[in-house]
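Shown next as structure tokens: one chain only, the form predicted on its own.
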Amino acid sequence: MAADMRLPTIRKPVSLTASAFDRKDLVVPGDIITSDTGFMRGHGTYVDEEKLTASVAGEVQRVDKLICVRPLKTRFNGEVGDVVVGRITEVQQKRWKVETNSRLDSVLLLSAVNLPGGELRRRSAEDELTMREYLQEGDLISAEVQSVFSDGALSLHTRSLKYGKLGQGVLVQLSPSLIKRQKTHFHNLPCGASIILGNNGFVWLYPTPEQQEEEAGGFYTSLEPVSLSDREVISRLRNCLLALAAHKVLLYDTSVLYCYESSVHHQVKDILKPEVMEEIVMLTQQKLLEQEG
């Protein structure tokens, strides 16, 4: 049986300001958020003896007079416009069922996808019979939340050419609360790979395509062999994502890129060792604080 033995090493001193640890907006169940009666009660809160109290562990968010607590660990609660990465679980009549890390399976209607070639016409019975040629069980897709049903299930669409079936790459499943909301969740990183940060916590890493096949209407997937250098970059990014997630660092293009740059001096397989992971994440947090300050 192989044993991994490591000698002690001198760590680089990394200084983080006290504000990174002294967080006033983090609460646990039972913590009093405010005793002011002028605020409205939102999700994750209740009133106890005229004091607004947290009912879940998470981050306090204030919008005007509304106070709610966003849980740190939860299933995905989708909103209209959210970018998601999901897996097809079932092909039904005129719709696909999609696993998106939410409480209920999401729905992708046949009328909500681009037809191959980008044709604009009504969906016929022939389209219904060939649904499995577009998407079948096990396929990964990127999509956008079009609407939310009354029971909380999500209705998706892939009408834009940036959405559709995903080809070769790596899926990393993380907590939805770690994904930072941004204007765009599709990023081509300068290290040679691209990333889709799904609001639902599913992150897709793939080699940056040289050219976009727009005629396929979102159904084209390249099956060309991926070079060793691209595979190493994607593997490093995957380990960086897991390291950031283990230390509860918000994930967005800048934090992922800084973490990648901090990990260059280590081998890909070493990034997930606890002491290396801690060093890389501390360096990343320091860079982010320097950028903000």
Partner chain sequence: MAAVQVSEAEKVYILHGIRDDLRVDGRGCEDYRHMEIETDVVSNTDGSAKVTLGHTAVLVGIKAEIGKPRPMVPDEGYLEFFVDCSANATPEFEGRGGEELGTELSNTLYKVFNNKHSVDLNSLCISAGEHCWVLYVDVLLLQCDGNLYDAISVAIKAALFNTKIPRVHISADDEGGKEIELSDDPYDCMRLNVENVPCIVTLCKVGHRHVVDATLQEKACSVASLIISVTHKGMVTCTRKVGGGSLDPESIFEMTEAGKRVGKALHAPLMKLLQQEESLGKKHQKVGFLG
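Computed from a prediction, not measured in an experiment: that's the story for all the values here. Residue numbers count along the first chain shown, from 1.
The same protein also exists as the form predicted together with its partner chain; that form is not shown, yet it is the one meant from here on.
When contacts are judged by a 4.5 Å heavy atom cut-off, Leu257 does not count as touching its partner chain in the predicted bound form. Contact check for Leu223: a heavy atom falls within 4.5 Å of its partner chain in the predicted bound form. A residue is said to contact a partner when one of its heavy atoms sits within 4.5 Å of a partner heavy atom; Gly167 meets this definition for its partner chain in the predicted bound form.
Ser262 falls outside the set of residues with a heavy atom inside 4.5 Å of its partner chain in the predicted bound form.
Comment: 170-178 is the region of 108-116, 170-178, 142-150, 77-85 lying near its partner chain in the predicted bound form, near meaning a non-hydrogen atom within 4.5 Å. Within 4.5 Å of its partner chain in the predicted bound form, a heavy atom is found for every one of Ala3, Gly138 and Asn239.
Checked against its partner chain in the predicted bound form, the candidates Cys68, Val268, Ile33, Ala245 yield a single residue with a heavy atom inside 4.5 Å, and that residue is Val268.
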